[in-house]
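The form predicted alone is given below as one chain in structure tokens.
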């Protein structure tokens, strides 16, 4: 698959949208000294090429009462059970991310819970899924880095 060519204007548009996906195109246009129509056309082009895949909302889960984060490494009895286990994990709303991995675990996932008791119940629910032989859990003490922009700028510099 070929890389999509982006210029400096595209980079700047993406930079502003990563900061706030709700930034009006007119505001972006004013800052970049281009027309809002140009911003619209460029964003549409990046959507059609698959560079932009929708937009998202960032919630403050702590304010919603879900301050506990843990990572669960899952060992499967047999690797052919991966799809089945992922389907069951997707039915647990507190499992927010799951990756098929190499190395120690077959699947590595992130859970978000209200507290340790709630996390324990989620982990027990995960342990009960057929095909899982055991799990290992790591508690997140603090999310210290969550920076999409650094990677984006590195990628832009490589293009």
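Positions refer to the first chain, counted from 1. Note that the structure is a prediction, hence the values are computed from the model and not measured.
Beyond what is shown, the protein has a form predicted together with another copy of the chain; the following relates to that form.
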**Request:** State yes or no: in the predicted complex, is some non-hydrogen atom of residue 99 no more than 4.5 angstroms from a non-hydrogen atom of another copy of the chain?
**Result:** yes
**Request:** Determine whether any heavy atom of residue 157 comes within 4.5 Å of a heavy atom of another copy of the chain in the predicted complex, and answer yes or no.
**Result:** no
**Prompt:** Is residue 133 a contact residue for another copy of the chain in the predicted complex, using a 4.5 Å heavy atom cut-off?
**Reply:** no
**Request:** May I ask you to state whether residue 23 is within 4.5 Å of another copy of the chain in the predicted complex, using heavy atom distances?
**Result:** yes
**Prompt:** Which residues in 39 to 74 have a heavy atom within 4.5 Å of another copy of the chain in the predicted complex?
**Reply:** 49, 50, 51, 52, 53, 54, 55, 56, 57, 58, 59, 60, 61, 62, 63, 64, 65, 66, 69, 71
